[in-house]
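Taken one at a time, structure 1 and structure 2 that follow are two forms of one protein chain, written as structure tokens.
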Structure 1
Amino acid sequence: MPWLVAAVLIALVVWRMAYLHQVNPAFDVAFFGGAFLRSFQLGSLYALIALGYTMVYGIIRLINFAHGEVFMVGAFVAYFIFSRTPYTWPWAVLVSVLVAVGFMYVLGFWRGRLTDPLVLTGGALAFLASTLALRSAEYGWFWALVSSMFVTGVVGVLIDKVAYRPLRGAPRNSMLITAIAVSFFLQNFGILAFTNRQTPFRPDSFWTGFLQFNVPGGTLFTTWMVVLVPLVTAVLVIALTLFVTRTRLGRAMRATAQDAETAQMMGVNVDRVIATTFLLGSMLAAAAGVMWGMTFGSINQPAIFGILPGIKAFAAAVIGGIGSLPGAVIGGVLLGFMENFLTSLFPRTASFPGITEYKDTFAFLLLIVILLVKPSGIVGEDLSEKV
């Protein structure tokens, strides 16, 4: 039955594309090919954010309403990395000491003690890398992305440690209210720490370089950004999947998701697993924030920047099946196509105003339809216990 529904929808899309081309030859293969790539690009960003929602929910059954603000922090950290000027040597060394101590603290949380040789080595390397980086005149997108993911990951771990860990065992409503409070705190922190104006976001020049592909009936023009965003997303999703399925800590995460109490009795350090979940989810949200800024060319006020993408990504996680990693990716990509490709199928013409103005409602319409038809989500298992 799902395959029949998919076949009918694909047939309707093909019919609509053929009709538009017949009415106006400008709506050709190149036009819809570009819309397809942009839809995949947008869906990739939603998928990265949705992974954070679904990971946290899968482990501790918490809808982390502050995740959209974590996405905001990642974007603004990258903005300041892009636009900063080199530090003087004393300030570079002082800040690097703080970075090294923070890195050792986070690494020591997993290794068990700060005097572990691996922790000490990591701290020394973090000090050297931070000092050289702060003295550098310019950052490329790669280092801005990596640095933002690291900083935002630490923010995620701190959120868990300060706000959520003291409430382990408390009623679930307490956790939800705390998540909303953390969301408001980060919004106001963003206003104080960053700027509250529309801020230009400067990607490297090759991200905005043009590409062209020969397609039947014309040439498709696009940019490297449209192609690279899904590729970077795919690399991060594959790395996350390998971590969850092939590492000892990943197996502990899956065991905790199944039954936290039993996992703890079997020797799993549940607090460490939860901190890892926040670390990874926040790093993925930061990656989405960086690429979101580069895609749209600017980031706006911290108080509102993460709200709409965060809500849509949460909808994507529910659509795919919250608690499921593949479901989050499927829901995010599907949402990107609903928002972008659907507006391309109903463009503005002389006799029709188009539906672009209503694209923000598509996520919630799709969410309602999915909940009515398949409440557990597309690949979800048991929604009655999860939402």
Structure 2
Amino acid sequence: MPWLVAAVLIALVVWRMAYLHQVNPAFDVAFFGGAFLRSFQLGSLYALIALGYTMVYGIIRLINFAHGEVFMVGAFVAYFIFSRTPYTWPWAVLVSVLVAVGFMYVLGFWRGRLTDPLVLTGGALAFLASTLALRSAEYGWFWALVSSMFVTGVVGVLIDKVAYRPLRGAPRNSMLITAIAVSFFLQNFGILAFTNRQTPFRPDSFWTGFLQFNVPGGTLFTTWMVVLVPLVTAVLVIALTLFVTRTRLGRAMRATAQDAETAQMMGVNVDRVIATTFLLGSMLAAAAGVMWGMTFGSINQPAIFGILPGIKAFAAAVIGGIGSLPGAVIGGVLLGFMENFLTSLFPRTASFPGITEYKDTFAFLLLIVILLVKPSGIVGEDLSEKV
């Protein structure tokens, strides 16, 4: 039955594309191909953000409304890193300390404790590498991405520690309101730290540069970002899946998601599991923030940068089934297609006003439809798959 629905939908899309091409030859293969690639790119970004919502919800049943602002912090930290290279010594040391702490945190979870010799060595090496990189003049998107992920990861863990951990036993509404407070705090902190204005974001001319190639039936205009974004997303999602399924800490996460109390009784350090969840979710959001900036060439004012992407990624997590990792990815990509590919099937023509201007509506339209038809989301039914 689902296959039949899919076949009918695809047939409808193909028919619509053929019809549009007949109306105006400018709607050619390249036009829809470009929309398809961009949908995938945008969907990947939503998926990365949605993973953070879904993981936190899976573990502590909290809709983390501050997650959109974590995404903002990720983008601005990266901007701060690459726009100021080469750094002066104090800045280089400060950022390197944060990167090293983040690195030790990740490694520490793996090894069990932070004073492990391997963890200390790793932290020292990360500190050295980061300082050297920040002091050198060339600091491209890759290092900006990696450093921003670690720094933002630390920010995420701090948010949990300061705002959510003291409220562990409190009613869930208190946590929800605290999340909103954290969101406003980060917005205003962003204005103070980065000034509230449109900021350029062009760390690399290769990936973000103008690109055109001929396809049968037209010219496709794009940038290499349509390749880079899904690629980085795929790598990160695979790494996350491996972490969750193959490591002890990942197993502890799944156990906590199923039943936190029992997991604790079985010897799982729940606080550490929750901190890891925030660390990973924030790192993914930071990666999304950096690539978002590269995709669109500039980043908004901090006050609004995270709001719309954050809410849409939240919708994506609910559409996919909140609490489920594959659900978040599916929901994100689906939302990207709704927003970009589907609206490109209804462009402005002489007789039709076009719906691209209202594309933000479709994210939420899809959310309503999914909630009506399948309230648990597309893949959200299987409770044992939480996390």
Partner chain sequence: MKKLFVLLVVALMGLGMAQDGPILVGVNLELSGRMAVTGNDTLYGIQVAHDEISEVLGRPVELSVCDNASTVQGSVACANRFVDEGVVGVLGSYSSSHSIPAAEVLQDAGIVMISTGSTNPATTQIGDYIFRIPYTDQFQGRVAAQYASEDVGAQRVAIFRQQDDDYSVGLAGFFQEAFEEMGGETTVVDFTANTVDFSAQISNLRAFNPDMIYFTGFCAEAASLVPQLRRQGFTQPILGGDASDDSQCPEGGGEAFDGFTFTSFGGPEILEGEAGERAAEFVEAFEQQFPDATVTGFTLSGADAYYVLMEAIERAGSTDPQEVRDALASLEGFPGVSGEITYVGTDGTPANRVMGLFRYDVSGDDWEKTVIRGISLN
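Rigid core here is just the name for the largest C-alpha set that superposes within 1.5 Å across the two forms. Here the structure is a predicted model, which means the values were calculated and not measured. Counting starts at 1 and follows the sequence of structure 1.
Structure 1, rather than structure 2, originates from the form predicted alone. Superposed on the core, the two forms barely differ at Phe150: its CA moves less than 2 Å between structures 1 and 2. Relative to the superposed rigid core, the position of the CA of Val235 differs between structures 1 and 2 by less than 2 Å. Remark: with the core as the superposition reference, the CA shift of Tyr79 between structures 1 and 2 stays below 2 Å. Lined up on the core, Leu120 has its CA atom moved by 2.4 Å between structures 1 and 2. Core superposition places the Cα of Ala92 4.2 Å apart between structures 1 and 2.
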